[in-house]
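One chain comes next, on its own, written out as structure tokens in the form predicted on its own.
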Amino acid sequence: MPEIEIRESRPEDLAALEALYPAAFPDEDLLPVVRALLASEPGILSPGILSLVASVDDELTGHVLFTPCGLSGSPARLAMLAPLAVAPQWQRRGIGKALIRDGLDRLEQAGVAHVYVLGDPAYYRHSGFRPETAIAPPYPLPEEWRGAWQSVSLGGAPKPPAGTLTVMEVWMQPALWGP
């Protein structure tokens, strides 16, 4: 396996990202969300998002976004991981896990205490995510998706109080939280 390079995304990556997402998710249209998030001010959650790309031999092979979140009554810095995409021909080679690990490391260094994700538990548990029951997503999840709502604590941070996660406006679409 060639070496995976991970770096923050740049505006010139947009064309490759617009090809990556339909290839990785042929049954979902995530491009409007990706475009909206990439239009935000860049940075590590203050004030914007963390957007990382993976490449192998200068070919963009994966992408992940982390967006800032909040919780009423808690000063903890929180983030949500979504979306994560790896080109189909590069899947099952550790690229997604490398993107997640790099992102979690950067977030921890930036003082983020917890990261949340709605995704396949069998996949995300390998990156330390566990089912989340105290913090609710912005919209109720279908019962069969309940185990897909997960979190990971960074740097030994204590769990925040129970509540509902507040997310960026782009995530306030019920269709993103259900079938």
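Being a predicted model, the structure only gives us computed values, none of them experimental. Numbering starts at 1 and follows the sequence shown.
Not on display, but discussed next: the form predicted together with a small molecule.
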- Hey, in the predicted complex, is A79 touching the small molecule, heavy atoms inside 4.5 Å? no
- Message: Considering non-hydrogen atoms and a 4.5 Å limit, does the small molecule approach D120 in the predicted complex?
- Response: yes
- Would Q91 count as a contact of the small molecule in the predicted complex, using a 4.5 angstroms cut-off between non-hydrogen atoms? yes
- Indicate whether the small molecule has at least one heavy atom within 4.5 Å of a heavy atom of G96 in the predicted complex. yes
- Message: So the small molecule isn't shown here. In the predicted complex, which residue out of R35, H126, R146, R130 has a non-hydrogen atom within 4.5 Å of it?
- Response: H126
- Task: Could you check which residue among L165, A16, A24, M168 gets a heavy atom within 4.5 Å of the small molecule in the predicted complex?
- Result: A24
- Task: Just one of 112-120, 136-144, 49-57, 66-74 has residues with a heavy atom within 4.5 Å of the small molecule in the predicted complex, so point it out.
- Result: 112-120
